[in-house]
Every structure is written in C-alpha cells, then in structure tokens.
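As structure tokens, the next two blocks hold two forms of the same chain, structure 1 and structure 2.
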Structure 1
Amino acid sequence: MACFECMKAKLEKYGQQHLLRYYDELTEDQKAALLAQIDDTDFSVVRVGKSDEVRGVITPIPCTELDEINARRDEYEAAGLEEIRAGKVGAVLLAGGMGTRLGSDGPKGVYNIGVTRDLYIFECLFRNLMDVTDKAGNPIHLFIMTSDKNHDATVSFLNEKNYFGYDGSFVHFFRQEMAPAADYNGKVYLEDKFRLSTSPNGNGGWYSSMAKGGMLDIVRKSGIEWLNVFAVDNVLQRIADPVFIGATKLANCVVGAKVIKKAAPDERVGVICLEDGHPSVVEYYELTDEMMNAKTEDGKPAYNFGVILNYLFRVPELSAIVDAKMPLHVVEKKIPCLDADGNLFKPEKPNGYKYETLILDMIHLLDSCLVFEVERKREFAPIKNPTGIDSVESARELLRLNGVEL
C-alpha cells in the first residue's frame, strides 16, 4: 500500500494537499484506495488556463484529391487488399471519450440511432468493417480503446450483441489512462471523499495505452504493419479501406490522413497543413483569419482540407514516437465534484479543466503524410450532438442517403 507520508509529500509538491481533507473519516479500504489513486496520478499535467504552445511556420500541404484517386482506384484497391489478405492491417477504434455533448449515459457506441428498428453506432461500424473483410476474405484484428468510465459497459454490450456477426476472437479491448480534472485554480477535484475526479486523458495516448495493455504482442505476433485508427462517432466511417491503404503504401508515406473539403472557411474541423515543413493539423479553434482566407496561386483556398479522425499509421514509425512528448490541451468541462458539505454535485456549466493529448498532434511527429480526400456525403457523418450540426439527426439523413435502412 502507498504510504501516507509519501503521498502527502507528493501532494504538497503539486499544491494538492486538500485531497486528503476527508482522510481521517475514511475506512481502511477507502484510505488505501485514495492513496493508491494519488500514487498513480500524474499531477504534472494540471495547469491553470490554456496552454500557449508556439506554432511553427504554417504552409499548405499537397492533397491527393478525388479525381486522382478515382483514376487510380483499382490499382490502389488491389494494393490495399493485398496488405489486408497478408494480415498486415489492424484497426483501432477510439471509444474512450465521454460523449458529453451527446448527453447519453452509456458509451457512445451503444447509442441507438434507429428509427423503426434498432441500429446502434457500434453496429454501423462493424458493418462497415465487414464490407471490407468480406471482400478480402479474412477478418482483421480490431483493437477497441475504452476508459475506466465505460469499459465494462462497452465489453458487455458487444459480447451480448455477438460483435454484430464479426469474429470475436479478432476483437481486443484495452483501456486508456485517466487524468485528474481540476478547478479554474488548478486544484484537483474530489468526486468522492476517497476518489479524485478524473477524465480520460484524450485520444493522443492510444498507442502507448495499446502498449501498456499488451496489445503490441498481438500486433507483433500477427505481423501487423499498418494500424487504421478511427473515431467511434462517424457512422459512415470506412474502416481498413483498401483504396486508402494502397494509396498510402504506394506513396511511400508513413501516415495517411483521410480529409474532406471544408464546407466553409470556419467549419469546425482540424485543418491539415505543413508546419516547419512537417505534416501537421491545426485545430479549428486555433485557425487564424490569415489561414482561413489564404489562397493558392490559382485562387483556391490554401487550407481547404479538414481531418475526419481516420488515420493510417505504419507501425515501425509509431514505435519510434511512442514516448515522444505531446502538447497538452486544456479543455473546459463540467466536472462532478464534492460541494462544501461533502455531497456530490453535478454542475450544469463548466467548472474547471480536463487535460488531454490529441491524436492529431501525432501527425507532426512523423515525416510523411498522404493527405487523402474522401467524399463527405459518403464517409463523414459524425454524431457529436443530439440535434443540429454533427448530430443524430444529420447522421440519420446521411445514412438514408447511403441506402441504410433506419
């Protein structure tokens, strides 16, 4: 058991002694749980206010656009299918997020978007994956990242649904790490007298969490050379798309990023570019007016392609950056916490910060990226909100357009 004096000293170092406020009231088990959590927690992430990373010189990056892809589609697809059939491709589903904007209690993937029948978000993803594995003639390994907050519910749901017909022996779960959540003065909240408030640490740590969760043994043993990483909430997501895999391989790139043409200069998608000559993504909230209005020599918007959280990484290069330092994003959040009387309080408005690293920052750590355009109507139906933009409503419309019965 972590020793009380050592944990007290650790908290003092980070100005977090208040976390022991209720210590004397706790049972022995609760004391042990609190000390263990303090021992496990990295308090160095906690900071006050937004981070002020200085960006390098931003310039446009060339994009492989739809016309070019369509002209070489058969060649790309054949090359991608060859990789899949050789067992060299795995997929990683990022499902550790909290989905707070959607506001449903369970994991996002168990959300039912059907109208006249049940149709779960996870089901859409498994079906999309099976379009490819049926064509290839073999399943691929699918690694699913969960967090402490949704792991059990995710695993039991998918078991109960029998992976929607996918071969369960090819599905593996791993948990991402949690990070402490703090008030506006950088004081970590308690969500119980013996438990710190925590939040999943963002989607940027997926590869190191795969390593910690023992997933890389499977990657190594089965000879996987490419990992296609994708978000849980895009129900039109194409997974292990052979055309994308073949194009990235034939371009000799170590990363591929699926992108869409932006609908408007201020659309809320991360924009792909070069930063100091390396591929990079600038988040929508960091976009300057200059970037939004910049034009190429032939008068087109210079930064016109947004990422859709579907990336293809080459495994050897990933292993080289697994311990690289990533920028920390400080995000305002509603954090359940104890009130002055020690009772649980669920705020209606943001009351502090969570700390995250993001997968899009991994792109900048790598040397070459194929920017691969996809048709937004066919591949981009994100579900972030119940209604309005990027919502259950808009995704339903797009699913119908693609012939999916609801």
Structure 2
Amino acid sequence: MACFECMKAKLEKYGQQHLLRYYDELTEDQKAALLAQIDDTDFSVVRVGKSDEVRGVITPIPCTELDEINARRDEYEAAGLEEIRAGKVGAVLLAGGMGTRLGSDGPKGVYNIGVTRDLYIFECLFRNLMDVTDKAGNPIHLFIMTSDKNHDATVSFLNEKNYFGYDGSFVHFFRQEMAPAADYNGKVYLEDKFRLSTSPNGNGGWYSSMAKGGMLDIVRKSGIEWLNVFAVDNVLQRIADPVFIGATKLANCVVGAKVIKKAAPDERVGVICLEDGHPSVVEYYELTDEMMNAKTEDGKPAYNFGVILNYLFRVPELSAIVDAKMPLHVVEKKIPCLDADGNLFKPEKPNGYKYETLILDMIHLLDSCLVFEVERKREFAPIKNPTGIDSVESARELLRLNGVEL
C-alpha cells in the first residue's frame, strides 16, 4: 500500500489535497485503491485553461497514389511479405473505447454488426489480419490496447471467441495509461470517494503504454522492426498489409500513413501535410478555407488526402522518441464527478478538461513519411454512429460490397 504521508505530500505539491477529503470514510481496501491511483497519476499534465496551439508553416506533402501503387504492387507485396515472414512486423490495435454512441455498454470491438448472423467488429479485424497471415504462412504478434473501463470485458470476450481462429499465443493485451480530468480551475475531479476522474491519455500514448505494460520486451525478443497501428472502428482496414509495408520500406521512410482521397474539401478527416518540413497532420477542424481551396502547380487540390488512423512505424525511430515530451492537447469535455454532497453528477454540458496526446504528434517528431493512398470503398468503413455517415449502416453496405456475408 502506498504511503499516506507520501501521497499527501505529492498532492500538496500539485495543489490537489482535496482528493483526500473523504479518506477517513473509506474502508481499508478503498484507501489502498485511492492511494495507489494517486501514486500512479501524473498530475503535471493538469492545465488551467485551454492551450493555444501554434502551428508551424504548413505545406503539401507528396502522396504515392493508387496508379503508382498498382503499377508496383507485386514488388511492394513481395518486399512486405519478406518482412512478415522474417517476423519483423507486429500490429497494434487501439481498442480502449466503449460502444456508447452505438447504444452499447460494452467495448466497441464486441459490438455485433451482423444482420442474419453474428458478426462482431473484432471478428472483422481478425479476419482481415488472417487474410495476410494465411498468405504469409505465419502469424504476427498483435498487441491490443485496452482501457481501465473495458480491459476485463475485452480479454474475456476474445478468449471466449478463441480469437476467431487466430493463434492466441501471438495476442497480447496492455492497458492505456490514464490522465486525470479536472475542473476549469485545474482541480482534479473525483468520480467516487476513492477514485479519481480519469480518461485515456489519447491515441498518442499507445507506445508509452506499451512500454509501461511490458510489451516492448516482446517486441525486442521477437525482432520486430515495424509496428502497424490501427483503430478498432474501421472494419475494412487491411492490417499488416504487405503492399503498404513493402512500399514504406522501399521508400526508406520511417513511418507510413494510409490515406484516402477526400470526398469533399470539408470532409471531417485529418489532412496529411508537412509542418516546418516534417510530416504532420492538420485536423479537419483546423483546416482554413485557404488550405481547403489551395491547388498544386498542376491544378490538383493541395491538401486532398485524409488519414484513416492506419500507420506503420519503424521501431528503432519510435524507441528514440518514446521519452520525447509530446505536445499536450487540452480538450473541453463533460466529466462525471462527485458534487459538493459527495453524490455522482453527470453533467449535460462540458464542465472541465481532459488531457491527451495525439498520434499525429508522433508523426511530426519523425523525419520521413510515405503517404500511401488506399481505395476508400475497399479499406474505409468506420463505425462511429448508429445511422448516417460513418455508421453501422454505411459499414454494412461497404462490407456487402466487399463480399462479406452479414
């Protein structure tokens, strides 16, 4: 059990002594849980007020488009399969989210999108991965990032489903690190008398969370040199895609980013670009009218390719930046917390800040990026909403188009 006086001193250092206000009411187990969480929490991330993020000079970045990829597909695929067969490729599934927006209380990956049969989001992803590993003739290590809120349910579900036929000895789970959530005055909230209000520390925290979870020991022992990072909600994405891997390797780039051609200048996807000469991503809400309407010398839209959160990182370069101080993004959110009477309050409007790092900042810390176009209807079917754009409905249509039985 963490030392009470030590944790009290830590809280005093950061002006968070109020987190012990109910300490004398707690059971011994609750006291231990609270002190352990305080011990594990980095209070230095807490800020008062949203930060004004200053961007560098944004310029277009070249893209390897479909015509070029198709012309060299066999060459790229052979190079990628060579890396996979040599055990140099691993994959990282970012699966810490819940299916709340879909009307589910469970992890997003366990959501059933089937119509006449069960078909889970996780199942789609494992099938996509096995398309590649069956062709390569060997499995790859798959690291699944969960969160405190969904870890046990995720592990239990995938064990129960026997990883949908994938070799379970190659599947490893680790929890995403959490960051405290605070009010507008920088005071961290409690969500219970013995538990701080926290949220996942953003998708930029995946590699540091892997390190904390002991996953990098597996990476080193297995000789993994590439990690393909992808999000749980795109049921069509290609995982450990040998064409993508081969193209990134042959281009001598340390990171690859899969992109789609934007459907409209104002489509809600982040745009790949250069920022002060380094690869970077400008989020859709940061796009100016000038950027949306900019043209290249040959008259094409200058910022026409949106990222789909499918990246390939070279491990040696990741190791060099793992201790780098990532930019912290302060996001205004609705945060469940205890009210003045010690009762749980669920606000209907934002009441404070969460603190996140973003994967796009990792890309900006690296020197070279292959921008790799994929065909939208073959690799982009995100599930964010029950109906409408990027929904269960639209994903089902695209799965049918790709021959998946629902």
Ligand code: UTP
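Everything numeric here is computed off the predicted structure, so don't read it as measured data. Counting starts at 1 with the first residue of structure 1 and goes up one by one along its sequence. Whichever C-alpha set is largest while still superposing within 1.5 Å between the two forms counts as the rigid core.
Peer 1: Working through the pair one at a time, identify the form predicted on its own and give its number.
Peer 2: Structure 2 is the matching one, since it is the form predicted on its own.
Peer 1: Quick one: once the rigid core is lined up, does residue 388 have its C-alpha move by 2 Å or more between structures 1 and 2?
Peer 2: No: residue 388 shifts by under 2 Å between structures 1 and 2.
Peer 1: Once everything's superposed on the core, is residue 161 shifted 2 Å or more at the Cα between structures 1 and 2?
Peer 2: Stays below the 2 Å threshold, so no.
Peer 1: If I superpose the two forms on their rigid core, does the C-alpha of residue 25 end up displaced by 2 Å or more between structures 1 and 2?
Peer 2: Yes: residue 25 shifts by at least 2 Å between structures 1 and 2.
Peer 1: Using the rigid core as the frame, report the C-alpha movement of residue 190 between structures 1 and 2, one decimal, in Å.
Peer 2: For residue 190, the C-alpha ends up 2.3 Å from its position in the other form.
Peer 1: How many Å does the Cα of residue 6 travel between structures 1 and 2 when the structures are matched on their rigid core?
Peer 2: For residue 6, the alpha-carbon shift amounts to 5.2 Å.
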